[in-house]
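The chain that follows stands alone, in the form predicted on its own, written as structure tokens.
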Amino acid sequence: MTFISILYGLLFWAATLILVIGVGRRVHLYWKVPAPLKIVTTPAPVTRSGVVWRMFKEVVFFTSLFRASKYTWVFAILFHMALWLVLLRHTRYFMDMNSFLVFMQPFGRYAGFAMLLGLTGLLGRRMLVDRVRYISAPSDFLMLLLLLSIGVSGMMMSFGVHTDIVQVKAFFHGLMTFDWQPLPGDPLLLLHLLLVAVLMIIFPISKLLHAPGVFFSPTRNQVDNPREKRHVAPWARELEREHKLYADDTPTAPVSR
């Protein structure tokens, strides 16, 4: 076992723990934050099934972004859909191949071009559109550059400098089963994996948390029924109950005639 293999093994174990625990804590925080008001964005569904359908369209098709900016929507949908194909292709490093994964390999491979095109468009929007550049923080540019670097290094390995993917798969299988295997020492592979680990570590503290956060947005996940049903947050309901009990126990003075 080489030093690089041990170092990257520990790095990916740490990155995985940070990713899982960090995202889990954030989701728990989102779950506990009260929504004291009905602030749903209209036009909005008036039934729970309508909310589910609205969330599905928002997550899969980015409907609100489509209405806001068609150009941004094109690059965003291109990047996200291509990213899913790329991630699906990479599952071959963690599980045994089956007919579905074999079928998806070429789609995931060439989806890398679409992913890079989408990221380039989003980065260009950050730099060229005045109002977007004004509200962009340095972390916004660094995140896009990190994703671009991961995509470029991965595409270079896929179409240029090839590596021993059998040994890479054995390495990650070994991490999962506590039977560590040596990792190929190709510089491009090491750079690619280092960038991926950095992304995993900073994910829980970055704006990329919009991925799980969209499901907890009260402007999207609320039913538009303020007239039919009073909306009371749990903490407000407790205060209301305590106030009612206090009012019932307080003696009232007789009314003079």
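Keep in mind that what you see is a predicted model, and the values were worked out from it rather than measured. Start at 1 with the first residue shown and count on from there.
This next part talks about the form predicted together with protoporphyrin IX containing FE, which is not shown.
Engineer: Within 4.5 Å, heavy atoms only, one stretch in 38-46, 222-230, 25-33, 185-193 touches protoporphyrin IX containing FE in the model of the complex. Which?
Structural biologist: The contacting stretch is 185-193.
Engineer: Considering non-hydrogen atoms and a 4.5 Å limit, does protoporphyrin IX containing FE approach Phe103 in the model of the complex?
Structural biologist: Looking in the model of the complex, residue contacts with protoporphyrin IX containing FE do not include Phe103, since no heavy atom lies within 4.5 Å.
Engineer: Contact between Tyr134 and protoporphyrin IX containing FE in the model of the complex at 4.5 Å, heavy atoms?
Structural biologist: Looking in the model of the complex, residue contacts with protoporphyrin IX containing FE do not include Tyr134, since no heavy atom lies within 4.5 Å.
Engineer: Check Trp180 for me: does it contact protoporphyrin IX containing FE in the model of the complex (non-hydrogen atoms, 4.5 angstroms)?
Structural biologist: No, Trp180 sits far enough from protoporphyrin IX containing FE in the model of the complex that none of its heavy atoms falls within 4.5 Å.
Engineer: Any chance Phe216 has a heavy atom within 4.5 Å of protoporphyrin IX containing FE in the model of the complex?
Structural biologist: Phe216: no, not in contact with protoporphyrin IX containing FE in the model of the complex.
Engineer: Just one of Ala170, Ala76, Leu117, Val129 has a heavy atom within 4.5 angstroms of protoporphyrin IX containing FE in the model of the complex, so which one?
Structural biologist: Contact check passes for Ala76.
Engineer: What residues of 75-97, in sequence order, lie within 4.5 Å of protoporphyrin IX containing FE in the model of the complex by heavy atom?
Structural biologist: Heavy-atom contacts within 4.5 Å come from Ala76, Phe79, His80, Leu83, Trp84, Val86, Leu87, Arg89, His90, Arg92, Tyr93, Phe94.
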